[in-house]
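Read the single chain below, which is given as structure tokens and is the form predicted alone.
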């Protein structure tokens, strides 16, 4: 059995106003307050295209290696649903703004992008139950009507749910780097519909099923896995698979049938009569191309080549422009790049991830982390103490030097202070001493650990190790 996966992704564009009117875009506005005759489709109201939405669409197309078309046009997609007051959606069907792009995955797979087109969003339905099949009533907020989107349609090039998840994450990182979309799936700013079919061992393909309502990267993977298994079982049992639209129910982690899948002609597409042909010059496209920021994969590759970072660290830092800016400022302040990347990935980001919040550089200012790294690298404080101090800075934004002084965390490296403690530990463990004398030098670590306990972590472990060897070898009486 082989799973065949294609994605249709809607990305809300970060413009200040809607696609075809001047209504403000504000996700926190009261329901049905940011609406006007244009976005609600009142008779006689005429749309005017948002220039910024076009620029953002071109940026996304270029970043995804698409051909940008100098001439494109808008069409009406006709369907009736409660959240679409006009009874049609303005989109680009016949002549989209961008086609034939691609995005490469980490496993080397080349996922083709069929098209990117501009369209407007519908309203938002709020159900009385998180489980939509159990909802007894639904309310409609039309504030989202007319919010500009780009729809990104892939070819069915993916075979594993993990590839679909990675594609979505890479796409999110690119759109965020460009500044054209927030990428927040939980808020509906990035929405994914997955098209899934299965080819059996005899080459027979099932009907294609579209899965909607997927609102997280994890659920993209889960929904595809569930649907692939459901279709595979049906094929094995000799049953037909309906060509339908199904919804992902994140409560039960199953898909449910919503409706039979519409065919293209069901939407009765025709050219939008109220909008002219969209023309973009070669010079405009080239100007946008020249001003594109460095993309995550390009940045990661540079970090590996220039700074010698581990690939995993480079990928984590490069995918977020706020984290990468923080890293580069730290490096520009004369801190070692590899050491900086390890602190950021292993220690700093772990604090934000534990609280499930986005990275915020104000929580741990660069100067505070720099001081902490310098104290640790010079041996003034232990790595364990440094981790404790970092957590304190994160919680209360305290000065690291004040924390070190208040908690008396400076490491003890004075030989006169440490030798008596080490001797005491050695005297109390004659059997371990015997092992050392028989050639098992690794037991020095045992003595270091016990000295650290005796000094409550304040002893410099390197100094302790060196002194313990000298005492055991009789160099210090």
Partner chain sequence: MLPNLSVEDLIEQIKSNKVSPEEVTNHFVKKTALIDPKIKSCISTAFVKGKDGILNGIPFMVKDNMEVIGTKTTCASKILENYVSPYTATAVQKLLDAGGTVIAKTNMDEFAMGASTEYSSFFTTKNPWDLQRVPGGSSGGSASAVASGMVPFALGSDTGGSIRQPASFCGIVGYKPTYGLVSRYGLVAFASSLDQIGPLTKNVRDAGLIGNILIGKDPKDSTTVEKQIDLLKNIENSIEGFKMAIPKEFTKGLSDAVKNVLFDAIDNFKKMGVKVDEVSIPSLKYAVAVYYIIAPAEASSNLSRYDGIRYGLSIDGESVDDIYTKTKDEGFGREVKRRIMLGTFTLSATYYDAYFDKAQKVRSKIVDELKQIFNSYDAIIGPTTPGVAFKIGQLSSPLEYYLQDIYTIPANLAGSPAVSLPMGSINGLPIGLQIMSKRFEDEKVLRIGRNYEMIRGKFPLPEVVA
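Since the structure is predicted, the reported quantities are computational estimates derived from the model, not experimental observations. Residue numbers count along the first chain shown, from 1.
If you look for the form predicted together with the partner chain, you will not find it shown, but the lines that follow are about it.
Note on the partner interface in the predicted complex: the residue among 266, 388, 367, 402 having a heavy atom within 4.5 angstroms of the partner chain is 266. A heavy atom within 4.5 Å of the partner chain in the predicted complex is found for exactly one of 27, 443, 45, 64: 45. In short, of 73-81, 217-225, 378-386, 161-169 it is 73-81 that has heavy atoms within 4.5 Å of the partner chain in the predicted complex. Although the partner is absent here, residue 271 sits close enough that one of its heavy atoms falls within 4.5 Å of the partner chain in the predicted complex.
Not displayed here, the partner chain is kept clear of residue 248 by more than 4.5 Å at the level of heavy atoms in the predicted complex. Contact check for residue 37: a heavy atom falls within 4.5 Å of the partner chain in the predicted complex. Among residues of the shown chain, residue 142 is one whose heavy atoms approach the partner chain to within 4.5 Å in the predicted complex. Along 81-96, a non-hydrogen atom within 4.5 Å of the partner chain in the predicted complex is carried by 81, 82, 85, 86, 87, 88, 94, in order along the sequence.
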